[in-house]
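Only one chain is given next, in structure tokens, and it is the form predicted alone.
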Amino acid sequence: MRIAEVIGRITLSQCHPSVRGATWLIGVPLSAMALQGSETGRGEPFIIYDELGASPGALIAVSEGGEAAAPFNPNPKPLDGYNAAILDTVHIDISPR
């Protein structure tokens, strides 16, 4: 699972019947450096299926690959990214271990 920032939404003129009723987001995966405010550490944007109502600027937890389709078992959906949670805060512990 990765943390991503929502940077936009996608509007589809047609979609697969199994994914109707949700929205599609454009998200940018963030590294620990980006979460701490650095301009570096932002990945390539990708498309995320969203049933939770995240809006642009929100931080979300994204599952990818086979795990993205897991919440819909036994009716799999053709997804590569799924918004599993909208995050209120992110705390990064940088203390040495």
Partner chain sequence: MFLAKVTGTVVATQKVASMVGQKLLTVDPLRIDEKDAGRLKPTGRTFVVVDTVGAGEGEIVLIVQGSSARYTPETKPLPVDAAIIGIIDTVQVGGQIIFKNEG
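In this text the structure is predicted, and so the values were computed from the model without any measurement. Positions refer to the first chain, counted from 1.
What comes next is about the form predicted in complex with its partner chain, which does not appear here.
Not displayed here, its partner chain is approached by residue 28 to within 4.5 Å at the level of heavy atoms in the model of the complex. At a distance threshold of 4.5 angstroms between non-hydrogen atoms, residue 58 is out of contact with its partner chain in the model of the complex. With contact defined as any non-hydrogen atom lying within 4.5 angstroms of its partner chain in the model of the complex, the contacting residues in 24-44 are 24, 26, 28, 42, 44, given in sequence order.
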